[in-house]
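Just one chain follows, in the form predicted alone, and it is written as structure tokens.
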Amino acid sequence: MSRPFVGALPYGVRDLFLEEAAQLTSLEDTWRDLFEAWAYWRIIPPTYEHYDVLLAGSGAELEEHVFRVLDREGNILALRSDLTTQVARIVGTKLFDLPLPLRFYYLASVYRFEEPQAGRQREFRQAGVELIGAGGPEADAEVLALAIEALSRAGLHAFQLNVGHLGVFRALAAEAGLAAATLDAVRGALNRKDGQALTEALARTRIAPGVAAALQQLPTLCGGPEVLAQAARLSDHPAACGAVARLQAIQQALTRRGLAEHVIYDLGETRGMGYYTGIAFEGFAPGLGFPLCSGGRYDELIGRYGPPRPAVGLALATERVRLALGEAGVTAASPDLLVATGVARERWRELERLRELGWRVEVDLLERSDADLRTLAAERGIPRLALAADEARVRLLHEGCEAWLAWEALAEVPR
């Protein structure tokens, strides 16, 4: 086996530094402030857990992409491939007696053994929220509103959430009594919006014409609130009617918040994590063929670990959002002030006070000349340069002007 050259990384991971690291940090700081403003608490699960515990309820699709390792005792461990199952475990085993609802958020790395895609390596960053203990449409609407706010505060404006409800398809499939193989074929055709394949799959079954017609209509039911009115006429199955009514209530809640313009409804969408039981959604931006965020309701997952609790969550693909921002993305912040070596040596207390006030202060440690410091500040876009100083004043260069200011006055210079 050939040995990798020094500095090589395993396939599917990458380094982030300088501008990219600053952008990611700024984006996560923005989302942290948003989540905490909505009264969500940060949760920090471990990076790896026991394989069986971590994968409970996740479904075969995600299970195929898990990184597995053996510890020295022979236990099978797994790097986390999903934060929701970890939050479900924590709530079900440790927090089940706390007053509901519980609101948690996370900012963490996730690991999946799959071919790297646009904006996602085998290790990638996720930010998300989990709202636990509230089963009504207002809880669904809150998580959707957070998704919209998170993308908006990141700097995106043209985006949409595609929202569906697994209850519609599941109710029709149950009414049709589809066999497992046919069920997979029908679901695949729906997700591809392949009407011909759907017709062929249904033709091989013996189901009532009305149910077949309802399934055939699902791929066309994608759009604004008008498709919910059409979906309400699809079936009189109680579960299907309940699912459509839930989406209508969510639409009303988002309209009250002034956020409905960002949402379309897709009744033919059946994708989602294996544990989803209600709404499922993905967020997209124009020109990008991959989702920026996803989420849904998972009312049965926490019950695998402890007392059952209704729950709904959101996951944001951090690097994909950065990719969608392009040139409009947040940039690394330059220092507010560059300070000559001699000034810093004598006036370090004043510099500390500026930092306490929120200034980003960089000290030159290389004994550069005034001319070199001017050049450095210009090249890096540092707006202020502190050069010679006396007992009470600093010589400040700012916006092409040079002035001697009292140290007390420096903190009042607009940043």
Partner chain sequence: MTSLCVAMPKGRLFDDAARFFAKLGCSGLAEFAAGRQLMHEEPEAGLRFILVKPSDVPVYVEYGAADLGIVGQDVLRELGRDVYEPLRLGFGRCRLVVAAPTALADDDWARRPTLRVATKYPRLARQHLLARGLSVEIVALAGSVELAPQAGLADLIVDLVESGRTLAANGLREVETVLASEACLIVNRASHKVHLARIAALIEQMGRAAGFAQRPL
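Numbering follows the first chain given and starts at 1. What you see is a predicted model; the values in this text were computed from it and never measured.
Beyond the structure shown, there is the form predicted in complex with the partner chain, which is absent from this document and is the topic of what follows.
> Considering the partner chain in the model of the complex, find the one stretch among 140-148, 167-175, 76-84, 290-298 with heavy atoms no farther than 4.5 Å from it.
Going through the listed ranges, the match is 290-298.
> Please tell me whether any heavy atom belonging to residue 116 falls inside 4.5 Å of a heavy atom of the partner chain, as the geometry stands in the model of the complex.
Contact check for residue 116: yes, within 4.5 Å of the partner chain in the model of the complex.
> Verify the contact flag for residue 308: yes if a non-hydrogen atom of it lies within 4.5 Å of a non-hydrogen atom of the partner chain in the model of the complex, no if not.
No, residue 308 sits far enough from the partner chain in the model of the complex that none of its heavy atoms falls within 4.5 Å.
> Tell me, yes or no, whether residue 94 is in contact with the partner chain in the model of the complex, where a contact means a heavy atom of each within 4.5 Å.
Output for residue 94 is no: heavy atoms all beyond 4.5 Å of the partner chain.
> Taking heavy atoms only, is residue 220 within 4.5 angstroms of the partner chain in the model of the complex?
Within the cut-off, so yes.
> Which pick from 102, 202, 285, 110 sits with a heavy atom within 4.5 Å of the partner chain in the model of the complex?
Only one listed residue qualifies here, and that residue is 285.
> Identify, from the list 197, 213, 245, 181, the residue with a heavy atom within 4.5 Å of the partner chain in the model of the complex.
Residue within 4.5 Å of the partner: 197.
> Thinking of 191, 266 and 271 as one candidate spot, does the partner chain come within 4.5 Å of a heavy atom in every one of them in the model of the complex?
Judged in the model of the complex, 191, 266 and 271 all sit within 4.5 Å of the partner chain.
> Going through 149-172, which residues have a heavy atom within 4.5 Å of the partner chain in the model of the complex? Please give them in sequence order.
Sequence-ordered list: 160, 162.
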